[in-house]
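In structure tokens, one chain follows: the form predicted on its own.
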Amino acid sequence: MFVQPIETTSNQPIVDWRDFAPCAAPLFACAPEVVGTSFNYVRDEEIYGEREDTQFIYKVISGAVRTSKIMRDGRRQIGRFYLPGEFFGLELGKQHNLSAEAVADSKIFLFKRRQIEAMAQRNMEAAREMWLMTADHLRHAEDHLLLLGRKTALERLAAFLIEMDMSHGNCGLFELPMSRRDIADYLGLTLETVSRGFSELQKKQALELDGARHVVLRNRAFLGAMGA
């Protein structure tokens, strides 16, 4: 498939399309004509920047992605983490409200937005899938707003761990791809508060850590009730 070069501005990273892997995948099973192309990003590499045009919709194949915004005082607020199988870049406007970076070395599929919009006008099932994805993003934004505004530090951490467990199939065993700093910026806490929270939850025998990022949930019901 021939891919046209992207027009760039001075504040955009130049994408070298020669680095794209020679493979493709459809966006939806009901719309095989909408095909994405894979691209590899290294850890902390920007995928798109705030206020850049929304040219693509993205799907995480491996690794992880974070969306974030830098405040005027230099603080960073992370909006969401995206893990394999999840879509991002679904803003309704013509520009991205947040920037997106790879949390770890990641493989991402890129789908042309204008092709998807044209397809959704003639394929009701695909349009429904797009609506469900957009609704999920809005629901997450509402939940995150409640978490930041109404919950204690320990409740925020418990809710985050349950969210990560759900993303890994509710198996109670998962590897965190993000750093403690990332977690702190997602929960609106300091790094020290997050570290103390992990220690306290271990003391309560709610979880077990094997290293800094390997998590075993020992009392999921307790964490679920705390984070609810």
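Residue numbers run from 1 along the displayed sequence. This is a predicted model, so every value here is computed, not measured.
This protein has a second form, the form predicted in complex with another copy of the chain, left out of what is shown; the following refers to that one.
Quick one: find which of 58 to 66, 36 to 44, 183 to 191, 168 to 176 has residues within 4.5 Å of another copy of the chain in the model of the complex by heavy atom distance.
That would be stretch 183 to 191.
Under a 4.5 angstroms heavy atom criterion, identify the one residue in 120, 110, 158, 103 near another copy of the chain in the model of the complex.
Contact with another copy of the chain in the model of the complex is made by 120 alone.
Give a yes/no on whether residue 154 approaches another copy of the chain to within 4.5 Å in the model of the complex, heavy atoms considered.
Contact check for residue 154: no, nothing within 4.5 Å of another copy of the chain in the model of the complex.
Given that the partner is absent here, does residue 86 sit within 4.5 Å of another copy of the chain in the model of the complex, heavy atoms only?
Contact check for residue 86: no, nothing within 4.5 Å of another copy of the chain in the model of the complex.
Is there a heavy atom of residue 150 no more than 4.5 Å from a heavy atom of another copy of the chain in the model of the complex?
Within the cut-off, so yes.
Against another copy of the chain in the model of the complex, would residue 221 count as a contact residue? Criterion: heavy atoms within 4.5 Å.
No, residue 221 sits far enough from another copy of the chain in the model of the complex that none of its heavy atoms falls within 4.5 Å.
Going through 117 to 146 from first to last, which residues have a non-hydrogen atom within 4.5 Å of another copy of the chain in the model of the complex?
Residues within 4.5 Å: 117, 120, 121, 124, 128, 130, 131, 132, 134, 135, 137, 138, 139, 141, 142, 143, 144, 145, 146.
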